[in-house]
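Let's start with one chain on its own, the form predicted on its own, as structure tokens.
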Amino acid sequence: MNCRSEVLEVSVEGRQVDEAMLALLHTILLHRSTGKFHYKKEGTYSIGTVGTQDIDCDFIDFTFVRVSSDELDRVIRKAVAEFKDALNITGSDGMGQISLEFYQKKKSRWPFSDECIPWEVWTIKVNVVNLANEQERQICREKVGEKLGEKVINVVEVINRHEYLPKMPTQSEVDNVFDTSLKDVQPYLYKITYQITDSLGTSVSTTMRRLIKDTLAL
């Protein structure tokens, strides 16, 4: 199986890291989750509904839509908080990436553990920039909102392609494809990981600073 790989890159101020990551991760998971499966008998099931919720950002001019599941939100927020804490250790400017990997399990014979086979990976590269004053922060607030809007459209376009998805499982195999631990929603099996580097990524951060300077010059 070929694993699809998608890369998104954003440049943000330190206080915007949480909201930018939550917006992108929740957007992806919104399209990679279903309602809970209710099996009547093997091979016959119904799927529950998935509620959605609009979330307004505090430090970015942006509103995103997420699955209306507090349980899922807590899991994502915990992962993002750990990523931000690790970024903060690097200082005012830093670079890192957070990855959202979807996988399915392949049962192995005893005594071997199940094999986890990734089928889609989203990597979000993050550059944290240090701004000089409140005027620059206000411009960054608007520019990051515009960039996130572009990224969300990109995510939706990628997901709407007719590419591989795990086939709908039988009742006995549902845990090999979906995370059934949540009460109100059923995302495809996934894991979130991150990496931090102590050197600033120049391409995106320089672009953001240039955007801010160009706007100030108007």
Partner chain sequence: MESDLSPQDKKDLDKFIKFFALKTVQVIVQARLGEKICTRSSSSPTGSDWFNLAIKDIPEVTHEAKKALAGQLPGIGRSMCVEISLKTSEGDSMELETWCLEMNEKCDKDIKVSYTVYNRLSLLLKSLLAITRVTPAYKLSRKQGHDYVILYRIYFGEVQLAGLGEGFQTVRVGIVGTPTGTITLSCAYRTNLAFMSTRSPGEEEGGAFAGVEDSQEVCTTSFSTSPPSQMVAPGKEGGVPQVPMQPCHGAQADHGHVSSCPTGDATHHIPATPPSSGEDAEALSRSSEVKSTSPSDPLDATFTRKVGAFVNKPTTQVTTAGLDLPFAAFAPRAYELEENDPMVHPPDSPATSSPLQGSLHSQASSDNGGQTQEDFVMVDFKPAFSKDDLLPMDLGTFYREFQNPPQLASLSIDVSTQSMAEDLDSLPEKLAIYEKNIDEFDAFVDTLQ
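The model shown is predicted, which means the values in this text are computed figures rather than measured ones. Residue numbers count along the first chain shown, from 1.
FYI, the form predicted in complex with the partner chain isn't displayed, but the following is about it.
- With a 4.5 Å cutoff on heavy atoms, His31 counts as touching the partner chain in the model of the complex.
- In the model of the complex, Tyr190 stays away from the partner chain, with no heavy atom inside 4.5 Å.
- In the model of the complex, the partner chain sits beyond 4.5 Å of every heavy atom of Asn130.
- In the model of the complex, none of the heavy atoms of Ser181 sits within 4.5 Å of a heavy atom of the partner chain.
- Contact annotation: of the candidates Asp114, Asp85, Glu142, Glu71, the single residue with a non-hydrogen atom within 4.5 angstroms of the partner chain in the model of the complex is Glu142.
- Heavy atoms closer than or equal to 4.5 Å to the partner chain in the model of the complex belong, across 44 to 68, to the residues Tyr45, Ser46, Ile47, Gly48, Thr49, Val50, Gly51, Thr52, Gln53, Asp54, Asp56, Asp58, Phe59, Asp61, Phe62, Thr63, Val65, Ser68, ordered by sequence position.
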